[in-house]
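Next up is one chain by itself, shown in structure tokens, the form predicted alone.
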């Protein structure tokens, strides 16, 4: 794929983000990758059939229009599921210029992944599991301050033996796009099945929905349920995509049955359980009752270590590929959003190096990754983010902040959250009141004035609020 095609794709993504907004773009298009452009057809890939179906149903014409605005000769968009490409790549793991899959978290690979095909002796495919990437193991996961707890908890779960008391159940890992959730969940699956102690089944939420609906159609729902509940460790990825009342009800029954029977459940999502508002309250409560771990943004030091590991992985196929440390340091400092952007930056340098024969230099890197450098504009803070961060800081739930409870341990955090909503967003007092359980605007005004008065005299509270502001604006 040429640099011109990649530059065109970057501009299309920019158009798409501008048209649909950051929230919609992050939900549906952040994991869409360009695979090829051939004779007026643009082939794009996404990691799940659910994403493919949703984009085709709701955004196909808009994606095509964005492409045609950049390249008038484009007449058709073809959307494919990346897992199918991934599976064939695992069976025959001969990499060409591409040095990494484009799915969230698949950036911590140092080239030592086990070349085990999907559907091997673990019986994973026969159980109806989602495809696994043999590179996503604990050995290839780069650990830093933002993911230490999540990695340690995942390893503890993976090392469990049949009959052991289950310590963290469910283990619930949440993080933004491209921060390593999928990597950890697949590492748990590989490790658990390799020991043979417990059968581990890895499913995306989309695969769970597909399996349940198919079982209903073929009148094998009972067998489907029994098969799931016989699993030693159930691993569910991308829970935020779980849709449908009947599917969610079945997931709730399965979750309860496994936990009550002492079976391990591991779940990943892009948000904490309290923010999964489409899920039933009982499910959210059960999820929150386990160990909930957040994987934070990648710090600069961790980004540099990830880049070093990716260069080592590339050298297993391209021994002459070399990226000077100043170039890696520049990318680690400039490309800050997620692991996929880091991987994309190295892919471009590798492609340029191999196709042109030019050595990788700082000037080349500055030119090739300029569209991956996010503008350093202030982050747009949402009221939901404020409620989540304040609830975590004061050890209350988001529902407490929205409730009518008047106990001291809830009133103060609620007032702080309202104050931050007024100072960090452009929302009006009535709108803020509606977002806090339908309160009157005078209640919000009282809370804002109360906190303003306290901040001037209470240094500890003032410092707390500054910490909350920094967390929200990072």
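Residue numbers count along the first chain shown, from 1. None of these values were measured; they are calculated from a predicted model.
There is also a form predicted together with a small molecule; it is not shown, and the following applies to it.
- Task: Have a look at 141, 190, 241, 251 for me and say which one sits with a heavy atom within 4.5 Å of the small molecule in the predicted complex.
- Result: Of 141, 190, 241, 251, the residue with a heavy atom within 4.5 Å of the small molecule in the predicted complex is 141.
- Message: So the small molecule isn't shown here. In the predicted complex, which residue out of 169, 347, 353, 182 has a non-hydrogen atom within 4.5 Å of it?
- Response: Checking each option against the small molecule in the predicted complex, the one that comes within 4.5 Å is 182.
- Message: Would you classify residue 178 as touching the small molecule in the predicted complex, given a 4.5 Å non-hydrogen atom cut-off?
- Response: Output for residue 178 is yes: heavy atoms within 4.5 Å of the small molecule.
- Item | Heavy atom of residue 147 within 4.5 Å of the small molecule in the predicted complex | Output for residue 147 is yes: heavy atoms within 4.5 Å of the small molecule.
- Task: Answer for residue 263 alone: is it within 4.5 Å of the small molecule in the predicted complex, judged on heavy atom distances?
- Result: Contact check for residue 263: no, nothing within 4.5 Å of the small molecule in the predicted complex.
- Task: Indicate whether residue 306 is a 4.5 Å heavy atom neighbour of the small molecule in the predicted complex.
- Result: Taking the distances in the predicted complex, the answer for residue 306 is yes, it comes within 4.5 Å of the small molecule.
- Task: Just one of 279-287, 358-366, 338-346, 319-327 has residues with a heavy atom within 4.5 Å of the small molecule in the predicted complex, so point it out.
- Result: Contact-bearing stretch, as computed: 338-346.
- Message: What I'd like checked is whether 136, 298 and 310 together line the small molecule in the predicted complex, meaning each has a non-hydrogen atom within 4.5 Å of it.
- Response: Checked in the predicted complex: all three residues contact the small molecule.
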